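One chain comes next, on its own, written out as structure tokens in the form predicted alone.
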């Protein structure tokens, strides 16, 4: 299982939607394709799924050039690009059966696909009555109905309420348990941190970074933690802890602490908070690391 872009470029007039993308992703994993709106994420996914033709360069899936060998390249790929829609008077079963006929695919995977996204019990209900989150789960089931080894998802939680976002993230985390390569675009930092193993970061059509979440955390961790507690936190008391540089109060029970160098210092701060009687329920730095990388590479770069 692999996806590879070689000097992949899409140009409209003098504007580069994507410029000389070189990226190779291999193996069973979930890779987040992270960047702001308009960065080139959807353009990339459309090039990989032959919805667009490249100006130059190659999009390759499992060794096949998407532009030259479409059927071979996409035969083991499931996709969800932009916001899908369905005939409201059809049921999930009827919808997936229709897709199987169009794709000349065996219908034996329909039950498994609906079970993977938690929609099998709704299989005979009309889709027109479903929430947006439920429709999105059907869209992911449509991507899974051929039991592909490669899954390409374009901002799967876009436009959803918090409940719908949680549902879709849960589905994606379950998909990771199978031996599949998931390539998922997003502009949401918590989403990528929660579900992805690696991150490719893009802005203005140019790849800025490709690395594992772990490596990014080590490189961009900085020296800050977010603390949540059951009781109100006194900023003044925490500022008196040796090694603390600044404290930002996010809510009465949530703060961000910037401190001097070292993991040992991070441990000592936690000990001090507990000695003060602060009932700590969350103490983390992982999300901050990705946020720091994003700001330095995208927020601090050219717009």
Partner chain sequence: MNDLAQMIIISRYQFRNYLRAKRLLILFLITIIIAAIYLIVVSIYVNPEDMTVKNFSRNWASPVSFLVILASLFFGGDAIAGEYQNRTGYFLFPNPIKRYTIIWGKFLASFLASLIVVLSYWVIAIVDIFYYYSTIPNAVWYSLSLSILFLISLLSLTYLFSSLFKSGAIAITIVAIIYFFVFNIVDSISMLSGVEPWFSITYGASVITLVFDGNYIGDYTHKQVMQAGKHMNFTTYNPYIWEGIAIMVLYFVISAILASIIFRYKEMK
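Think of the rigid core as the biggest set of C-alphas that the two forms share within 1.5 Å after superposition. Predicted model only: the values in this text are computed from it and were never measured. Residue numbers count along the first chain shown, from 1.
Below, we refer to the form predicted together with the partner chain, which is not included among the displayed structures.
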| property | result |
| --- | --- |
| One residue of 214, 163, 101, 173 in contact with the partner chain, assessed in the predicted bound form (non-hydrogen atom, 4.5 angstroms) | 101 |
| Selected contact from 133, 118, 84, 148, since only one has a non-hydrogen atom within 4.5 angstroms of the partner chain in the predicted bound form | 84 |
| The partner chain in the predicted bound form: contacting segment from 101 to 109, 201 to 209, 165 to 173, 187 to 195, heavy atom within 4.5 Å | 101 to 109 |
| is_contact(residue 271, the partner chain) in the predicted bound form, heavy atom dist at most 4.5 Å | no |
| Residue 254: touches the partner chain in the predicted bound form, heavy atom cutoff 4.5 angstroms | no |
| The partner chain contact at residue 244 in the predicted bound form, heavy atom, 4.5 Å | no |
| Contact label in the predicted bound form: residue 46 to the partner chain, heavy atom within 4.5 Å | yes |
| Neighbours of the partner chain in the predicted bound form among 165 to 199 [non-hydrogen atom within 4.5 angstroms] | none |
| Threshold 2 Å Cα movement between this form and the one not shown for residue 124, core superposed | yes |
| Residue 213 C-alpha relocation of at least 2 Å between this form and the one not shown, rigid core basis | no |
| Residue 138 C-alpha moves between this form and the one not shown by 2 Å or more, core aligned | yes |
